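For reference, the chain that follows is the form predicted on its own, supplied as C-alpha cells.
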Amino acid sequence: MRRFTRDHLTAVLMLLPSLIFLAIFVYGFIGQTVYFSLTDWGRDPAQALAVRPERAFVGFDNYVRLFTGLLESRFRQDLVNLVFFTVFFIGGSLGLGLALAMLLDRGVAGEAFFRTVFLYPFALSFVVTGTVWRWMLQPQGGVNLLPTYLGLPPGEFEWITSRQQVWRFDWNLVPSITALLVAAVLLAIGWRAWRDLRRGRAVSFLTVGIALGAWALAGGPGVELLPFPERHGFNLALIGIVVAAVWQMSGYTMALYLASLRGIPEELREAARVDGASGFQVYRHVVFPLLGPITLSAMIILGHISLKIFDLVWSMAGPDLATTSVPALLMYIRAFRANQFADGAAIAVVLLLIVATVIVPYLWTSLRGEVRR
C-alpha cells in the first residue's frame, strides 16, 4: 500500500483551488443550467426578470416541446442546419488542408511564404472572418462581380440571403435515420474489430448493427414526432457560411497534416516504391493510413468548433435570418431577447449532449491508450 507522503499533500493543495473553481464555475453552472431547463422559467413574463422568480418543475416538457412542438420548427431546422454545416465544414477543411499539405510536402519554392499565407486566416477571429466574407458575398457585389472583369454578366447567386432548400426530408423520419446512423457506426466498429482479428467482439457489433439497420429499414421505431409532415433540408444560404469557415480553418488542418507528413520516415516511401508502388499507391497504402490518428484528432477539434458555431453566423448573417440560423443563435434569442430562460437552457443542454457524443468517446479512447502504454 502506497504511503501518503508530503509530496502528495503538496500536490493536492496545489490542485485544490483549480478543482474548486472548476467544480463551481463549470460543473456547478452546468448542473444549474440542466435544472433550469426542467422548469418553466420565462413562460410568465412577469416572473422572468423578477428578483425571486417562481419556477415550477415541469420535467422534460421543454425538451419534448422542442422536438415535437408545433411552434418549434425553427429549432428543428436549426439542428438540420447544424448537421449540414458540420459535415461540409469538416469535409472541406480536411480535404483542402490535406491538399495544401501534400503540395507543400513536395518542397516547393517559397514554402515558408505559402505556409504562412495559408495559416494566416487561422489567426483571425470568426468575427473578422465573418465581416470580410459578408462584404464579399453581397448579392449585388463581391464575388458576384468577378465575371464582369472578363466581360461576362455578373453572378446572380444569393449566397447568405438565399431561401432555397435541397435534400429535404420529413422530420418524422429522424428516429429511423438516427437508428441507421447508429447501425453504420456499429458496423464500422465491427468491421475494424474483424480486421484486427478480434472475432468475438466483431461478431457482436456486426450482429447488432445488421439487426438495427434491418429494423430501421423495415419501418424503424414507427414513432410519429409530429401529426403532420414537416419538411427540412439544406439551406443554400449556408454555402457562404461554410466557405468562410473552411477558408479560416483549412490552414490549421494543413499545418497538422504537414507536420504528420514530415514525420513519416522516407524509408517507408522508398520501400513501397522499390516494391513497385506508384505515387498514388504510396499515398493510399503508406501515407494515408499513417495520417489516420491526426485526421481523427482534426475531426474532433473541427467538430467541436462547428457544433458550437455562433460568432461567424452572427457576423455574416445576423441572428434573425432563419435560413442560416443554428441552435446557438436560437439559444441566445430565447434566453437574452425573449427572456425564456428555460427554453434557452434546454437548447444549451441539447448542444452540450451533442458535443459530448463527439468528445467523450474520443477522450475515453485516448485515455485508455495512455493507460495501456
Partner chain sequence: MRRLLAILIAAGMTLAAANTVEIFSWWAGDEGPALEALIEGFEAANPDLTIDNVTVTGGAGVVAKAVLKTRMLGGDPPDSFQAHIGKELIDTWVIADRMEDLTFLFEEEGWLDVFPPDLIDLISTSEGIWSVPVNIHRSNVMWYVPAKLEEWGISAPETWEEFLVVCPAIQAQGVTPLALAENWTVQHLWESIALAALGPDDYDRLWTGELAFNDPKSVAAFELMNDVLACANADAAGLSWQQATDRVVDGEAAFNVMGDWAAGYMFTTLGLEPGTGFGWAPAPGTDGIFMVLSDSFGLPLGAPNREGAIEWLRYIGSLEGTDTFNPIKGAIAPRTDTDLGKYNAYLQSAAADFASDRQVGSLAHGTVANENFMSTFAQVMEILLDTGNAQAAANAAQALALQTGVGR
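Positions refer to the first chain, counted from 1. Please read all numbers here as calculations on a predicted model, not as lab measurements.
Below: the form predicted in complex with the partner chain, not depicted.
Contact between Arg163 and the partner chain in the predicted complex is found at the 4.5 Å heavy atom cutoff. For the chain shown alone, Pro139 is a contact residue for the partner chain in the predicted complex, at least one non-hydrogen atom being within 4.5 angstroms. Put simply, Ile333 is close to the partner chain in the predicted complex: some heavy atom of it is within 4.5 Å.
Proximity of Glu54 to the partner chain in the predicted complex: non-hydrogen atoms within 4.5 Å are absent; the residue sits far from the partner.
Of the candidate stretches 72-80, 195-203, 287-295, 174-182, only 72-80 has residues with heavy atoms within 4.5 Å of the partner chain in the predicted complex.
Proximity of Ala46, Trp314 and Gln340 to the partner chain in the predicted complex is complete: all three residues have a non-hydrogen atom within 4.5 angstroms. The partner is absent here, but in the predicted complex a heavy atom of Ala322, alone among Ile305, Leu66, Ala322, Val58, sits within 4.5 Å of the partner chain.
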